[in-house]
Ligand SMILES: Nc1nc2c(c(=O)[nH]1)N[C@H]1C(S)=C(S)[C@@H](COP(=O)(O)O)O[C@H]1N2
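Taking the form predicted on its own, here's one chain by itself in structure tokens.
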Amino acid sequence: MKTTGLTALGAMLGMAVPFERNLLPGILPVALAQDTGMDLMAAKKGLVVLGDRPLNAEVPAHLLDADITPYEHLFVRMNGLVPQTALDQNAEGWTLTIDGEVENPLELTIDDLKTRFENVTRRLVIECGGNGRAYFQPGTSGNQWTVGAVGCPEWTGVRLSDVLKEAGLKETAVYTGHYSNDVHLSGDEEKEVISRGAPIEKIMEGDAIIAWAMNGEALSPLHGFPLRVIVPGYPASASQKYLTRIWIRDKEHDGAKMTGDSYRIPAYPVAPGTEVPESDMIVLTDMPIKSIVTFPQTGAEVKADEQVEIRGHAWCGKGDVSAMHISIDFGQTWQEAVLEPAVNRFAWQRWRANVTLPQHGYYEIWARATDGDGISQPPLSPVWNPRGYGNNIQHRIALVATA
């Protein structure tokens, strides 16, 4: 059997493999390995790559100024390797299975989704749960995102709640479990890359969608072609790419990266650096209130005694933002910014303020958003957690006022 496999390997590569007998089971030659996605980054503009295996890249804040985040300025968060179907942009025969705690299990083609359910288009913020991780002290493991693992594209698809209604949820339905066809970094197609989900109550609110398009175009290989789920307000890990199955569970989902420290936070405040027992960790759900300054770019020069516009976006995992303020004096005083309403629930909100820097010198613009419960962004890192999730520290940029 091994001889047959090695012969096939040589045939696939189109040449002899002199040391093929030394290749351990489960290890693929680089020439046959799945793409990490780096060659797909050419269409991205200005992103900072944090790692290439898996591929992760964030966006400088000033490139996030658009109301609708374009493809070239949307962050990239991979957990595994880009599947071949996505690289080929080939959705022929693709189906989505809905099973588990449902009365009528479904197997839906993309055409089924497009024709049997109401199509919707929504601007929805998508944000990595670790966005802001770089600012925790002491530091935590994982990609050291600053503020750029976020964006607000326009997604087109169908409400996941509508699909689940057709499947007929049983009274025992508690949680969704999402599955994909992306490939584990080892190349082992039997290994699960990531499988997360959300409570049924969250899904049935009607904001989560199964999307096949972003900004009017088919999903790209890096962003989940041909289908993905978007669960707005939750960390982006719940918004599974390359979606093939939604398993309705009778308990909290326990798929890959749902347990241990993955996307989980302590059930109670802990001192920085504390080791927290797994039994005391709970799933991160609603992302905290956040905002960014997108204009001017940090380090920009402006004229002293002349009015300059400061602008950015604010968003919240619980829904709309209620207020936005900025400070030019290191938080001693705060000026209310004009906050525009969201175009739809879970879209980010544009804010603007005009400031005049009183004399030449160095200044910082501090941004502080407040949610509907009166909770505002803190000036320092919030309650620490072992994996650095949910840091909503106030965003700051530097300005130099010239005479």
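So that there is no doubt, residue numbering starts at 1 and follows the sequence shown. On a predicted model such as this, the values are computed, not experimentally measured, just so you know.
This protein has a second form, the form predicted together with this ligand, left out of what is shown; the following refers to that one.
Visitor: If contact means any heavy atom within 4.5 Å, which of 318 to 326, 102 to 110, 248 to 256, 68 to 76 contacts this ligand in the predicted bound form?
Guide: Among the listed stretches, the partner-contacting one is 68 to 76.
Visitor: May I ask you to choose, among 147, 310, 222, 98, the residue with a heavy atom within 4.5 Å of this ligand in the predicted bound form?
Guide: Selected residue: 222.
Visitor: Tell me, which of 134, 281, 163, 128 has a heavy atom within 4.5 angstroms of this ligand in the predicted bound form?
Guide: Answer to the contact question: 128.
Visitor: Quick one: does residue 241 come within 4.5 Å of this ligand in the predicted bound form, counting heavy atoms only?
Guide: Result yes; residue 241 sits at the interface with this ligand in the predicted bound form.
Visitor: Quick one: does residue 80 come within 4.5 Å of this ligand in the predicted bound form, counting heavy atoms only?
Guide: Yes, residue 80 is a contact residue.
Visitor: Is it the case that residue 228, even though its partner is missing from this view, gets within 4.5 Å of this ligand in the predicted bound form, heavy atoms only?
Guide: Answer yes; at least one heavy atom of residue 228 falls within 4.5 Å of this ligand in the predicted bound form.
Visitor: So, residue 158 and this ligand: in the predicted bound form, are they within 4.5 Å at any heavy atom pair?
Guide: Taking the distances in the predicted bound form, the answer for residue 158 is no, it never comes within 4.5 Å of this ligand.
Visitor: Looking at this ligand in the predicted bound form, which residues in 163 to 192 have at least one heavy atom within 4.5 Å of it?
Guide: Result: 180, 182.
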